[in-house]
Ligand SMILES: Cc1ncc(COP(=O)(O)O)c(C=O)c1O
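Here you get one chain, nothing else, as structure tokens; it is the form predicted on its own.
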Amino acid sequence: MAIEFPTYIEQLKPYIAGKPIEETQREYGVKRVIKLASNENPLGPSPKAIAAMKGAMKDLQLYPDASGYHLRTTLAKLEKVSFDEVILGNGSNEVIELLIRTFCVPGDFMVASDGVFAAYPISARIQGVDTIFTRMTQDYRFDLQAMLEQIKKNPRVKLVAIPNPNNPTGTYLTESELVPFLAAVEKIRNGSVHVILDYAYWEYVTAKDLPDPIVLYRRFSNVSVLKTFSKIYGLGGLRVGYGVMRPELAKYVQKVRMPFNVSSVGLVGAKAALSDKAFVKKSIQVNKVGMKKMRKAFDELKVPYLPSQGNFLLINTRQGFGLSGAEVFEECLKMGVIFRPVANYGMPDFLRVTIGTEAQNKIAIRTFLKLKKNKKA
């Protein structure tokens, strides 16, 4: 008997993950491979988190605390909100899915920009929700006016996705831009359009005019904030993220959340990571120094890049090497370095480069230098 699938599932384009190290070793026959493709913390997890997770291993026969009490309590204190305003997710990606499931039914819409983090349109499509995309500005930033126009004219728009800074572009929206936008959206259809402020890279931010998301959350009634342990805390493999939202909304999100969505090891590791201030400080410094050196190298190689507030740079490979992002990606794989092509974001002439350790950055720069010389030969 033939199985019929919903059209929105048939047409779904799955998320493209970064290429694994072992796969690269097998395919290209290279022993030493470094991965600068997935915006992971090159220092790994916090030592305090590792110690705490090892201690939790002895009780793996037990189900985790479904309420995530200790982690949520710690996060509430950190963000200066109540316990009931914190939602835990299997990565912040799951919190995106929970919000879409809570707010939307098939046929509803989400508004986002071209170049938005891919988890948003994918998560929406899985629920039968279409994404209305607006064009980026010439400097690869979100066009808030264009987004506002789409929200106003489409009565079935329920959500707006704003990663700030955005991945993969690294660009961001300033306080002077975002505050008027949020104020305008709050007035549309009695505040029923909800804005997701995704601050996955918040700890790496150096720009003074990039607004604190919790300040915006307190100011506007229709805003939720997402954060993650996958970046600065180095716990991408654990899949732990969280959202801060109004208690009356969180109550409904909790209804659609499956129990035990965060493992016992994840709960313990994330809580311990929050206490390791020295590790976070070191991670920020490593990224700051690495970002400066990587920018300098690209300037010398005459490879254009977008200014970034994350732990990565998006480079223009067409202008820098005369090749597409996918072509540069393949050439670098042969030399044992994994970067991230972003053609799936509608940017075929760009490549995303994660900032690594000093040693990894040197290898990456040598790889690009060799590629440049090969193109001239």
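Note that residue numbering follows the sequence shown and begins at 1. No experiment lies behind these values; they were computed from the predicted model shown.
Missing here is the form predicted in complex with this ligand; even so, the following discussion is about that form.
Partner proximity in the predicted bound form, defined as non-hydrogen atoms within 4.5 angstroms of this ligand, places exactly one of 84-92, 150-158, 170-178, 288-296 at the interface: 84-92.
Among Tyr305, Tyr252, Phe117, Phe133, the residue placing a heavy atom within 4.5 Å of this ligand in the predicted bound form is Phe117. This chain is displayed alone, yet in the predicted bound form one of Ser224, Ser230, Ser123, Ser113 has a heavy atom within 4.5 Å of this ligand; that residue is Ser230. Site residues Asp198, Tyr201 and Arg239 are all in contact with this ligand in the predicted bound form, judged by any heavy atom within 4.5 Å. Contact annotation: Pro211 falls outside 4.5 Å of this ligand in the predicted bound form, judged by heavy atom distances. When contacts are judged by a 4.5 Å heavy atom cut-off, Pro163 counts as touching this ligand in the predicted bound form.
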